[in-house]
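What follows is one chain in structure tokens, specifically the form predicted alone.
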Amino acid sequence: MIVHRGKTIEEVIELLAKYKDSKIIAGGTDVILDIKDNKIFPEALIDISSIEELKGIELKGDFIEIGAGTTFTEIAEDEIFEKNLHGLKKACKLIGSPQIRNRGTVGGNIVNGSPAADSIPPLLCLESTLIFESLEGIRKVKLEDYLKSKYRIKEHELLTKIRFKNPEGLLNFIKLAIRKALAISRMSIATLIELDEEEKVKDIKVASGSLGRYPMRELEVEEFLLGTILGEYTVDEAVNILQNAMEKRLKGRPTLPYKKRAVKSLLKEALNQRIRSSRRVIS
């Protein structure tokens, strides 16, 4: 196996075109383990960890761009995620151990495609766009569409940026895991909710992790809650709608009864946190 240390995006793209069976490593938290476990046998490894072009967080007008090589720690510590984007900060802060957060990258989390990838539900709520580069040029794909296509990155492509509009609403993230440290998400819920002057839901995005084959938007829950005032009835009904959607999605799976019970507390807490934050703003 050949190992290359890429110095620029252009060099990496050329290497990807040269080697038909190659793997990108940034943090290496997933790929190296797969190689050790004999799950993959790449012809070449291309290390992108030293390419500064792939790192960093930028505010560009109304949009925020995150380099695919940006680590979870860098996101968790950036002030841009302190207020209405706190849900993404929280998701990155809860990923694995400090060592994993220091090495693992948001781009790797997306490309490797685990249903339990913590950073993805908040990025789904933000309607993020993925930017890929190759010798053919630049390709932009909605994260939601990328997930639906079963994480199909084209051959010889490199994910370089994740881009989303700075939202008006508040982004939140709730995670259920077995262990506090080193925990892989059993389930997670992210919400992005904007309320109008009458406290009605003006805009809402709800995304889940580990409730299907891939993280996804919960469109039926969004449709129901849009235009409502968050309260006991609407929260309980939203839970019922999500549980019914899970019933169809996970029918026959032995984990369904447990997940239906657990998701009740997750979604309730996510929505109740938004209610509490609204009350703090009013007072």
Partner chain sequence: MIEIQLTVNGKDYTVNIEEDKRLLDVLREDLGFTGVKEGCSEGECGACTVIMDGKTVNSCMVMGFQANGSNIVTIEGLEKDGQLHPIQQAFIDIGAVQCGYCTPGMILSAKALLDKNPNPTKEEIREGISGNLCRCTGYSKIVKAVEKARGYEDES
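Numbering follows the first chain given and starts at 1. No experiment lies behind these values; they were computed from the predicted model shown.
The form predicted in complex with its partner chain exists for this protein as well; it is not shown, and the discussion that follows is about that form.
Using a 4.5 Å cut-off to its partner chain in the model of the complex, not one of L143, I153 and R213 places a heavy atom inside that distance.
Partner proximity in the model of the complex, defined as non-hydrogen atoms within 4.5 angstroms of its partner chain, places exactly one of 26-34, 58-66, 227-235, 213-221 at the interface: 26-34.
This chain is drawn without its partner chain; in the model of the complex, the residue among S149, N112, N166, S97 with a heavy atom within 4.5 Å of it is S97. For the chain shown alone, E53 is not a contact residue for its partner chain in the model of the complex, no non-hydrogen atom being within 4.5 angstroms.
D203 falls outside the set of residues with a heavy atom inside 4.5 Å of its partner chain in the model of the complex. For the chain shown alone, E77 is a contact residue for its partner chain in the model of the complex, at least one non-hydrogen atom being within 4.5 angstroms. Taking non-hydrogen atoms only, N102 approaches its partner chain to within 4.5 angstroms in the model of the complex.
Annotation for 1-23: interface residues with its partner chain in the model of the complex are M1, V3, H4, R5 [heavy atom within 4.5 Å].
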